[in-house]
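To begin, one chain is listed below as structure tokens, in the form predicted alone.
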């Protein structure tokens, strides 16, 4: 009889990879089950249709319904969203950790307690700053910030998986970054962790207060789909802020599960400059404005010809001729912390689907409006000819007077085209039994051997890119687990 693995880990993204590495490195027998394919991101046109279909859930078009619909983008491949994001890295600010302690009684998560776990993850990913000179789109934003007298920071980032042949001098500022697949997960596999890709977990196998393993559909290379059971002494659910609560609820685990989805709503703009800014060569501006944080963050968004067409599509008849100026354009965003309410539920129609809802609050609308004003100000100060928001019916902003009106006026919610790449907090951790799905270290309430260890566990919005928080907390959780299960 084949021995039952020590742990089954559902999902191979930032949290799942960390979990697999720590357990495998300690000598435990680990199986990682991943719905998506095991793909090398470097083999794809990074934002072409082929990659969107292979590496993104629903080809990058997951809807979040609510007062204002929001387009949500997440990965569905080995390495999860770490394989498709910009690689930007933040530590959770001290005041956010204090808030989590006060509101959720989250233990063991002070800056000092998280420090060694941040350091480990940063070293594993190779997080650092880019080499100068900055890309044109970054330099333009820095020029505007200086003109406004504001402060900014270059965001640390995981390095490229491969150099950009189009611009060797600035190759570390564009293209795909090193996700967990080629770093943390590769080390986990070298330590003995086994990976089963193309295998979607549909239910947990429950027996009272224990989970014996998972039920999954495995898609073989010949196209045959098999229903399989994968057993384990412990089960770690790490399949993301939307799939984790959906899987748990499908399996009858519902206490504080999927009731508190949070996101960072993002409004994008296209800015046209009088000279080329290299947006298509080095497509992600590397600095962020923290002058108005935590409510509002301003920075650079990914840019390509296709993305520019999407940005201009809200007012296409007025904007379509601007496509011929693509070399002089770049994309930027307003991101707000998010104070609205959201939820995740399994679909009643699609057995594999999840219904996502987030209702933008009046405060969110206020911050998006003021963020648009500030972002337009700084881009105009940088020399932009015009700023084109993704807001239906709103003409180009060409003067500071046109920009600052949004400090007082409110954008019309129905006119907004919003997106997000940051979702979290659908299964919060902490000691507050009236609020939290799991204890401070991810053990699901009411179960002996079931754990959550991904972005769904963040108690509330971190106000920054969540990957650093997920990896630090995940490693901290597994270290505690190993201490309790020697």
Partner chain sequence: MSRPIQRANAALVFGGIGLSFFFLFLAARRLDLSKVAEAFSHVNAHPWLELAALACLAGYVVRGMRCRLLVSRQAQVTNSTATNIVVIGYAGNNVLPARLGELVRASMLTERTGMPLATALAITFVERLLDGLVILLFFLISATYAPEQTWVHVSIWVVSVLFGVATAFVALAVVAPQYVLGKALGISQRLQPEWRDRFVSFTTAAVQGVAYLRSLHNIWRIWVLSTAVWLLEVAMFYFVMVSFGFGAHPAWALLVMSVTNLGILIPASPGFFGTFHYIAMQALMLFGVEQAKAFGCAVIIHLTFYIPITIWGVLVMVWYGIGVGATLVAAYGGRRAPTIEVEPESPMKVLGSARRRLSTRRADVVLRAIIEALVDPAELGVGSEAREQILADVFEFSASQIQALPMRLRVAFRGGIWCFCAVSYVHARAPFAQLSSGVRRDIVELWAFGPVGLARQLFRPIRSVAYLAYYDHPEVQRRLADGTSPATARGTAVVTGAVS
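Positions refer to the first chain, counted from 1. Please read these numbers as outputs of a predicted model, since none were measured by experiment.
This protein has a second form, the form predicted in complex with its partner chain, left out of what is shown; the following refers to that one.
Q) Can all three of 212, 304 and 348 be found with a heavy atom no more than 4.5 Å from its partner chain in the model of the complex? A) Heavy-atom distance to its partner chain in the model of the complex: all three under 4.5 Å.
Q: Determine which one of 110-118, 370-378, 96-104, 320-328 lies within 4.5 Å of its partner chain in the model of the complex, judging by heavy atom distances; exactly one does.
A: Only one stretch qualifies here: 320-328.
Q: Report whether the minimum heavy atom distance between residue 229 and its partner chain in the model of the complex is within 4.5 Å.
A: Yes - in the model of the complex, heavy atoms of residue 229 and its partner chain come within 4.5 Å of each other.
(Q) Under a 4.5 Å heavy atom criterion, is residue 295 part of the interface with its partner chain in the model of the complex? (A) Residue 295: no contact with its partner chain in the model of the complex.
Q) Would residue 458 show up as a contact with its partner chain in the model of the complex if we use heavy atoms at 4.5 Å? A) Although its partner chain is absent here, residue 458 would stay clear of it in the model of the complex, with no heavy atoms inside 4.5 Å.
Q: Indicate whether residue 187 is a 4.5 Å heavy atom neighbour of its partner chain in the model of the complex.
A: Heavy-atom contact with its partner chain at 4.5 Å: absent for residue 187.
Q) Though its partner chain is not shown, can you say which of 401, 129, 123, 224 has a heavy atom within 4.5 Å of it in the model of the complex? A) Exactly one residue meets the criterion: 224.
Q. Across 450-472, which residues bring a heavy atom to within 4.5 Å of its partner chain in the model of the complex?
A. Counting only heavy atoms within 4.5 Å of its partner chain in the model of the complex, no residue of 450-472 makes contact.
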